[in-house]
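One chain follows as structure tokens, the form predicted alone.
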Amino acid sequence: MAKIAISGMGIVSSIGMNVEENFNSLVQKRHGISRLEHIESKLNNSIFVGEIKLSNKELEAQLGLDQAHNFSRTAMLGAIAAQQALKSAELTTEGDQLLGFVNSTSVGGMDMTERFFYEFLISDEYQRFIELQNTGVNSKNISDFLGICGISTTISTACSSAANAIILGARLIDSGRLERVLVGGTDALCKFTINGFNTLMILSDDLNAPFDNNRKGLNLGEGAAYLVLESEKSLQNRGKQAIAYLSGYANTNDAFHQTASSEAGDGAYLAMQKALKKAELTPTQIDYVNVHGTATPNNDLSEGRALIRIFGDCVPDFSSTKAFTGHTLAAAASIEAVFSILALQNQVIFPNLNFREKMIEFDLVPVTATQDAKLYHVLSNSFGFGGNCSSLIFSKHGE
């Protein structure tokens, strides 16, 4: 199996506006969960979110956008993180037909279309934002801003979206279609998703507590993260070394329910099983699992049962980092991919915040303090509505 190298990464989240800031927050147990500030909602004082404390005006200034732009907040966050990833990989885009872009988003431009919904009917001033309801337009804005001229496409499979973007990028390299692919996801907070998840009754009125027996639900978040995937040939030609490898991946569907995971964790089990097979690894070779861990009653129970089905009585160290960032929806898998690679680079496991009491259904306790560890292979899980389940395995350079 050809190895898929990772040569760069970039990230923005509620715990930092670059890779270094995110890493420092993780090891120092500094979360980014707070009350809403940039959106007026009837839920402002009753829920917590992982909000990036920069206004749209500040993001526009950072990117140097003119006043007539049609970037959504989602696209702006994505452009900042994607820029970082290309810089980290020491890549330029000009004339590079072998560099592609696989983006993912679920919110897309809804933050702008809902903002100007009534104005659309009476004024032409904001109608340039209407097309942002198409998630692909947000990807095109990022791609054009970066000057990417190779294949560009968009994936939207709810909370597994960025994992599937990473998988598609790897397959484009495996098939020889591309040599380099910028992959990841971006989502901004907006009223539509806040109200939607509130209707599902899975938002917590407290800090989210993944895998805790008394967990009350998730905190929504926003952010973006991207990886640069490369073939070994491309790396060698550029004289650059990989920072890690994508050694295994899989996407499955448990076809159980529109929003709930199956109680036995069928989709999660199959995704992990197939990712291990792709990586040619046994369960005992996984050193750490960055779990999906949304802190909802259904997800944590389903994922925990799937972990036991895969690992038996020897479940490796695991933690959910969503207690730091909130659940960033389509961006979650790429944000947690960056965290998984940081764990490998720094030989450290990040803590599962807010955990107090193990679940009564099984004997699983996450890592609750920053912990040094010998890590060679890290498994990262991401599960979405519609039963769409994806698992990624990241391996240390040289392993």
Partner chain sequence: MKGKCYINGIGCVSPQKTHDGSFLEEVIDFRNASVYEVSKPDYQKYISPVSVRRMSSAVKNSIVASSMALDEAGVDDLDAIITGTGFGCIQDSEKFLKGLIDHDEDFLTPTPFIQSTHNTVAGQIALLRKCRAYNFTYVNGANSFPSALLDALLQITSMEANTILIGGVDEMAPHTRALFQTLGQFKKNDTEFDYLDNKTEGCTSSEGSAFFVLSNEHMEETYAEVVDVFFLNNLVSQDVKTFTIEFLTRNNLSPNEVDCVLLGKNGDLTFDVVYDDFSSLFPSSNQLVFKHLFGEMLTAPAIALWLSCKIFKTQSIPKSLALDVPRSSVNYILIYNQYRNSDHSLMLLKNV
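Residue numbers count along the first chain shown, from 1. Every value quoted in this text rests on a predicted model; they were computed, and no experiment measured them.
Below: the form predicted together with the partner chain, not depicted.
**Q** Would you mind picking the one in 110, 209, 79, 91 that has a heavy atom within 4.5 Å of the partner chain in the predicted bound form?
**A** Of the listed residues, the single hit is 110.
**Q** So which of 214, 284, 134, 237 reaches within 4.5 angstroms of the partner chain in the predicted bound form, heavy atom to heavy atom?
**A** The residue from 214, 284, 134, 237 that makes the contact is 134.
**Q** Would you check, heavy atoms only and a 4.5 Å threshold, whether residue 312 touches the partner chain in the predicted bound form?
**A** Taking the distances in the predicted bound form, the answer for residue 312 is no, it never comes within 4.5 Å of the partner chain.
**Q** My question is simply whether residue 139 lines the interface with the partner chain in the predicted bound form - judged by any non-hydrogen atom within 4.5 Å.
**A** Yes, residue 139 sits close enough to the partner chain in the predicted bound form that at least one of its heavy atoms falls within 4.5 Å.
**Q** Spell out, yes or no, whether the shortest heavy atom distance between residue 87 and the partner chain in the predicted bound form is within 4.5 Å.
**A** It does not: once the partner chain is placed as it appears in the predicted bound form, residue 87 has no heavy atom within 4.5 Å of it.
**Q** Does residue 266 reach the partner chain in the predicted bound form if we count a contact as any heavy atom within 4.5 Å?
**A** Taking the distances in the predicted bound form, the answer for residue 266 is yes, it comes within 4.5 Å of the partner chain.
**Q** Looking in the predicted bound form, is the partner chain within 4.5 Å of a heavy atom from each of 361, 365 and 395?
**A** Checked in the predicted bound form: no contact with the partner chain for any of the three.
**Q** Out of 313-321, 228-236, 114-122, 286-294, where are the residues with a heavy atom within 4.5 Å of the partner chain in the predicted bound form?
**A** Within 4.5 Å of the partner lies stretch 114-122.
**Q** Output the sequence-ordered list of residues from 370-385 with at least one heavy atom within 4.5 Å of the partner chain in the predicted bound form.
**A** Stretch hits: a single one, 385.
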